[in-house]
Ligand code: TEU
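As structure tokens, one chain now follows by itself in the form predicted alone.
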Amino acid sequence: MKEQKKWWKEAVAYQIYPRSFKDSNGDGIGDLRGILEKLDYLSYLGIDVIWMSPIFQSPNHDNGYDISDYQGIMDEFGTMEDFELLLKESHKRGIKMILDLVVNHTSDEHPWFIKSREAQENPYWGYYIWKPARDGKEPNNWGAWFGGSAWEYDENREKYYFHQFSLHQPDLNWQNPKVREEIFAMMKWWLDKGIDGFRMDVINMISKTEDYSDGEQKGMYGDLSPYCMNGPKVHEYLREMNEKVLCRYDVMTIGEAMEASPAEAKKYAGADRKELNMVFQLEHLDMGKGKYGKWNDKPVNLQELKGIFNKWQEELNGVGWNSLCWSNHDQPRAVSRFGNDGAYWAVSAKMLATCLHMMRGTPFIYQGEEIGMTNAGFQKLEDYRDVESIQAYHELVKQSGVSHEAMMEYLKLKSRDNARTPMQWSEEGQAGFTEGSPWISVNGNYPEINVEKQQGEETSILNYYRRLIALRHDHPVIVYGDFCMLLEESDTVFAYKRILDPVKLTVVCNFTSQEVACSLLSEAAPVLISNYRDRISGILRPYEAVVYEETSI
């Protein structure tokens, strides 16, 4: 089936975590004026879309993912006038903008929730999920994603409210049509301002089953995921959203769908489903879970990684559209997790970029990935700011017997704060991020890894990303070509073909620090891009990536 052309398929997106991108006023917190200052940098990079993590009013128990006013700008980030100027200047440079839509839950300081917890019955009582106690305790054994029970008792209502994440993030009751009407009206308000779409936070969790029985015991609590993910009415709600809002605008929509399979993704993002354009599949980012979930030091298994990518490429072919990412604000840094942030830092960062950007789907670059920013390397628990990391430490060390030393190593590998250290702009103090004291410490390697330095180096990671983005814009095969995995059994090489007759690309990537013999290497085919300047016959050097282009006559 011929792929229908869409602007969002041909785009390269760039995720900004505003708190950590650029501070314009010296308070140590990134802001909208800071992003405005760096629009020319983003134009230089060549990206087409900015996705900003939440900029809305929030008490920041979860860094903006707990929203208290959907139509107000967070005080620390600036004003609505600042936003409108940023949107205007982005569009002037040909850059579209999508916002984070966080509508599975709100802040407990949102006016809806404040009214919902009042003792006297009112129209907002049904905006959230409330349940009576069971035998004087929580309604069931479900555990929240950030640790602890998923239920919190409220003295006013004399009931428990449900929260999948922090107790400051009560889940909205999507079964209530008034809730949906409020959300749809808010979406229209932003789209009428001129934004170009939404990334939808945990959107596959908005529908819960009617069965609130205990979940399978996993650690201290029961597993809530079978009851809250891909629920019975989620597609009904999204089709309603599309019909009443999204279909009226030419927008990009991408849903975060935790633990979704390709079969589920086809339902969310099937071309004929009238729901979303695509989903963020996080299966490859969730690899290696163990007894304590993600908190372990298991290395990446390349065959498993390849199998996941191949599955998604094959099963969505002709049916839906893939998103492509190595990291985001909830994940460790890509080069630290999937590459080598030591001796082979630069070549492995370029290899990872090549491997991802040549695949079929819309690539998402997380801020700093384009200069090879690494994990934070924090030494003390006090250095961390992330609610999930801090809660996991206390729960696992104090209640589950994990040693302090082991947990600190797990945090260095997997904490969300690894992605949240300030953007490294220059070798000036605080990496050029702020003239004040940053809200979270700057990574100590900023004098070596920064934008200013890499802009002046022809062979830098940054300029390699610019070449990859330009190639995607110039070569339709990279966007619309078929995907065919090669060397499926190899535990060292990730290789595949892209085919859009008469053009064929062969992409070969070494995921190890060793030289590897590879039969796919060609001495005759022209090289489209490579992270080494020369070729060695039949051999891939450590973390080498090469893309060959052939044209059939």
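Residue numbers run from 1 along the displayed sequence. What you see is a predicted model; the values in this text were computed from it and never measured.
The next section is about a form of this same protein that is not shown, the form predicted together with the ligand.
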{"query": "Joint contact, R180, A269 and K274 to the ligand in the model of the complex, by non-hydrogen atom at 4.5 Å", "finding": "no"}
{"query": "Option touching the ligand, based on a heavy atom within 4.5 Å in the model of the complex, out of L396, V245, C325, M258", "finding": "M258"}
{"query": "The single option of Y128, Y465, F146, F198 touching the ligand in the model of the complex, heavy atom within 4.5 Å", "finding": "F146"}
{"query": "Which of 371-379, 188-196, 351-359, 327-335 sits within 4.5 Å of the ligand in the model of the complex, heavy atom basis", "finding": "327-335"}
{"query": "Partner proximity in the model of the complex: K294 to the ligand, non-hydrogen atom cutoff 4.5 Å", "finding": "yes"}
{"query": "4.5 Å heavy atom contact, V202 and the ligand in the model of the complex", "finding": "yes"}
{"query": "R420, heavy atom within 4.5 angstroms of the ligand in the model of the complex", "finding": "yes"}
{"query": "H105, heavy atom within 4.5 angstroms of the ligand in the model of the complex", "finding": "yes"}
{"query": "Stretch 154-191: residues contacting the ligand in the model of the complex, 4.5 Å heavy atom cut-off", "finding": "F165, Q169"}
